[in-house]
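We begin with a single chain expressed as structure tokens, specifically the form predicted alone.
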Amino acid sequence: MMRVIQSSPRMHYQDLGRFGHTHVGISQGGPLDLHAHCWANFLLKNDPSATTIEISVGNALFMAEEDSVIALTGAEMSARIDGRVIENWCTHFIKKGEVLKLGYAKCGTHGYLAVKGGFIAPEMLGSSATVVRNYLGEYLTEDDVLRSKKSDLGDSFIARKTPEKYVPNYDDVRKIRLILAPDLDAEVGEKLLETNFSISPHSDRMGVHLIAENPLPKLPGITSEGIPLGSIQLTPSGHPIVLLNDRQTQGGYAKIGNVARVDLPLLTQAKAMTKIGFEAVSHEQAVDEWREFSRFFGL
């Protein structure tokens, strides 16, 4: 239904992720900004597991090869259809032959393109999620054809838009909430909550690398064990890493906490050198908020 005319530096298919294979070293993948992915599908009345395209940095062009209804969410990329400015966090009707243009991301880093019915993408191990480091899927490039599942577009198109209260400001990332490790050294925990970190340019889909003028106190390593999404490892350098969707499945660095699941999208959307701090949240509150999010989108 669309053809890639120009691809962004990192553009690929993502669904909710690939689960049940971490015991053999396969990462889960999935959208870095689950909030934006789910809203893109919600606006189109797709299943939340429908495949979207994660577009990092921006600067991409798509040609519609048939009439379609699409949704754009996530990073603000000054989107246009045949030169007409269109809104983010909204659905749009694109006619055959029209060109969708995305500029460079101005607010946030990752944008999400969804289509009515969902994109058709190769599935491996039960998921279309791209994890390049596991050789599962690959980046989309020029001339790739994007196909979608058949859907009824209806006789009349009515745009749907995400309510303002659910649209995050990716430039306003002051505090990220975390659950402190229950057995965490008191000095390390205190320093973690007091320190202002900067996001390293070396961050990627595996993890957000954090740097600070004064590194955290060092901790001894542990016997390698499983790594959950959002876990914070303390490297021997004293600079923490927040592990993301394409993380390794186990590791031996000390874990000092876990980012609250509903706060992860804000962290993943923050640009390099953004300054952030952490504040503690109870396990119970973090779980309650995640349950509410999951119920809303039917995850």
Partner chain sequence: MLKISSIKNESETTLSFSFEKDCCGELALEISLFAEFLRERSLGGEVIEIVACFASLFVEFDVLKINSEELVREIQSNLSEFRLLESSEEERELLELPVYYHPEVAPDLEWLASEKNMTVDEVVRIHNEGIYVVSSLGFAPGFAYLSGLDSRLAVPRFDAPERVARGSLGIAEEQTAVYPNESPGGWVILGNCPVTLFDVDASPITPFKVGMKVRFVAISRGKFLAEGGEL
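Numbering follows the first chain given and starts at 1. Fair warning: this is a prediction, and the values are worked out from it, not measured in the lab.
What comes next is about the form predicted in complex with its partner chain, which does not appear here.
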Segment assignment from 65-73, 246-254, 38-46, 268-276: heavy atom within 4.5 Å of its partner chain in the model of the complex:
246-254
All three of Asn59, Arg160 and Pro163 touching its partner chain in the model of the complex at 4.5 Å, heavy atom to heavy atom?
no
Does any heavy atom of Glu225 come within 4.5 Å of a heavy atom of its partner chain in the model of the complex?
yes
Even though the partner isn't displayed, in the model of the complex is Val145 close enough to its partner chain, meaning a heavy atom within 4.5 Å?
no
In the model of the complex, does Gln28 come within 4.5 Å of its partner chain, counting heavy atoms only?
yes
Although the partner isn't part of this model, could you tell me whether Arg133 comes within 4.5 Å of its partner chain in the model of the complex, counting any heavy atom of the residue?
yes
Residues in 160-191 with any heavy atom within 4.5 Å of its partner chain in the model of the complex:
Ile179, Pro182, Asp183
